[in-house]
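One chain comes next, on its own, written as structure tokens: the form predicted alone.
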């Protein structure tokens, strides 16, 4: 049985959906602080199946010990955590408590239960942004970044030490670039927060009429069209990366890190244009000053994931955006 933490979140729920469709036994836990139990009913609409879950927090050591005691868990896929870079500056203690202490609690519970396999949800924000593109797994990390990025680096290092201290442990660190899109049915997708300044949620909020225009932060970068370039990956491809990584750690003990991206970048204006085409509308925009820390461009080196996991992201930007629109149409109903 696989234990999935944060199973009601954007990425966790898509992973759960794969497990349901593949008839793989699982239990997921979630505090529902940044997610909703409504996702359970949506998952049942996609495939009428029993959804095994428990409400609980990774900060609760007693709860985690009970989960491992009551269920025959063979591996963990750890998504649970807070993930807003902006919010992490405002609430650093909450981020360190949830993301770092939560990971330590998971490791402790695994050690007691003799569970030795874990996939950890990390981020490209851990990289030193001054290094040469594309960013490789062996590249330098930057602990001077956001509190959010710091929690990811610390969690990675703690898991590395756990693997060194526990012979036979197998750890897979997955560094995400920019996941977007939704399941093809459009029933589950990213939680669209009105206050978000991220590109895709902001575009959706404009389309839904929650915002009058899209703020574009910086049009004077040294790129072809002046806007920032990012590596966007479809959620289905991202989940496929998890599946392949999970299969790998079941066969190979040790500590492993893989980037999950497409290996190429799309500019903000390219994404807007594709969004306008898919939604058949014009998105009003306002050019703002660059935000502190915004980069001109970055994308993943995907060679290691390709060579070791046989992982290649297959979906192009137009497919990603069409699925975003499909999910948006369901939100507006």
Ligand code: NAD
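Keep in mind it's a predicted model, so treat the numbers as computed, not measured. Residue numbers count along the first chain shown, from 1.
Keep in mind that the form predicted in complex with the named molecule is not shown, yet the notes after this line are about it.
Stretch 5 to 13 is the answer when you ask which of 19 to 27, 5 to 13, 320 to 328, 307 to 315 has residues with heavy atoms within 4.5 Å of the named molecule in the predicted complex. Highlighted residues 116, 170 and 248: none comes within 4.5 Å of the named molecule in the predicted complex, counting any heavy atom. For the residues 241, 81, 261, 181, the 4.5 Å heavy atom test against the named molecule in the predicted complex is passed only by 81. Taking 285, 61, 281, 33 one by one, only a single residue has any non-hydrogen atom within 4.5 Å of the named molecule in the predicted complex, and it is 33. Remark: residue 155 does not count among the residues lining the named molecule in the predicted complex, judged by a heavy atom distance of 4.5 Å or less.
Proximity of residue 123 to the named molecule in the predicted complex: non-hydrogen atoms within 4.5 Å are present. At the 4.5 Å threshold, heavy atoms of residue 150 stay clear of the named molecule in the predicted complex, well away from it. Within 4.5 Å of any heavy atom of the named molecule in the predicted complex lies no heavy atom of residue 274.
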